[in-house]
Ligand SMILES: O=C(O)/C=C\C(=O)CC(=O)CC(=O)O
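Just one chain is shown here, as structure tokens, and it is the form predicted alone.
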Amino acid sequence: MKNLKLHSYWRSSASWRARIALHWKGLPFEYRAVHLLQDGGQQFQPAYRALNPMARLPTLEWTEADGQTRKLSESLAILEYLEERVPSPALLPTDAYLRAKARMLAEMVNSGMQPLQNTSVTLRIKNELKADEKAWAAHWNVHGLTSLEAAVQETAGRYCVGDAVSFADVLLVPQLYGARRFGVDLKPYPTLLRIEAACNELPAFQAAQPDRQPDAQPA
């Protein structure tokens, strides 16, 4: 893999996951900013939709040794591909059950929380349904984080699955950031907060933080 390009938005949690994984694997990449709100959402422009018909972030492009250009969207598909192509340093345990647990915990975020606070969802709730989009997002964060705090107890060490970083941690950290944006009280989730603090000591997680991205906006 060479000439990697990541189409990303600084505060997109799905893009954040891909950034963590790329930094973790030591893969340099070009950052291609796609503003989710500017110009009606740059992800809806024809040039980007040609890359990603769902008009979502992230999208990863790269060139193979034979010159073939490839692209992937959906953050977990990107994580899985990077894990197969660059297996070390790993983002999944070697034990089959623990690998499945890491994926399970990751899916609790990917399927059970993040889609319900996605910008396209919250904008529709606000603009079309005339409801409180922050209260909506906070509700589903509380539901999901309460479940995740309970689920992680079986495997938690320094990180979600023992003492090695996994997909579960890669998804956890951006989700907690999002929960804070929606005013969620995180005190009921001490295990998740402890894991987040441990992750944020790591250079790959630090480099992927939203405020370190070239398109970051002032607070």
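These figures come from a predicted structure and were not determined experimentally. Sequential numbering from 1, following the sequence displayed.
Only in words, not in the display: the form predicted together with the ligand, which the text now covers.
**Q** Hey, with the ligand in the predicted bound form, do 37, 114 and 117 all fall inside the 4.5 Å heavy atom range?
**A** Yes, because 37, 114 and 117 each have a heavy atom that approaches the ligand to within 4.5 Å in the predicted bound form.
**Q** Heavy atoms within 4.5 Å of the ligand in the predicted bound form: which stretch among 117-125, 76-84, 131-139, 99-107?
**A** Looking at the partner contacts, the answer comes out as 117-125.
**Q** Counting only non-hydrogen atoms and a 4.5 angstroms cut-off, does residue 9 reach the ligand in the predicted bound form?
**A** Heavy-atom contact with the ligand at 4.5 Å: present for residue 9.
**Q** Given that the partner is absent here, does residue 181 sit within 4.5 Å of the ligand in the predicted bound form, heavy atoms only?
**A** Contact check for residue 181: yes, within 4.5 Å of the ligand in the predicted bound form.
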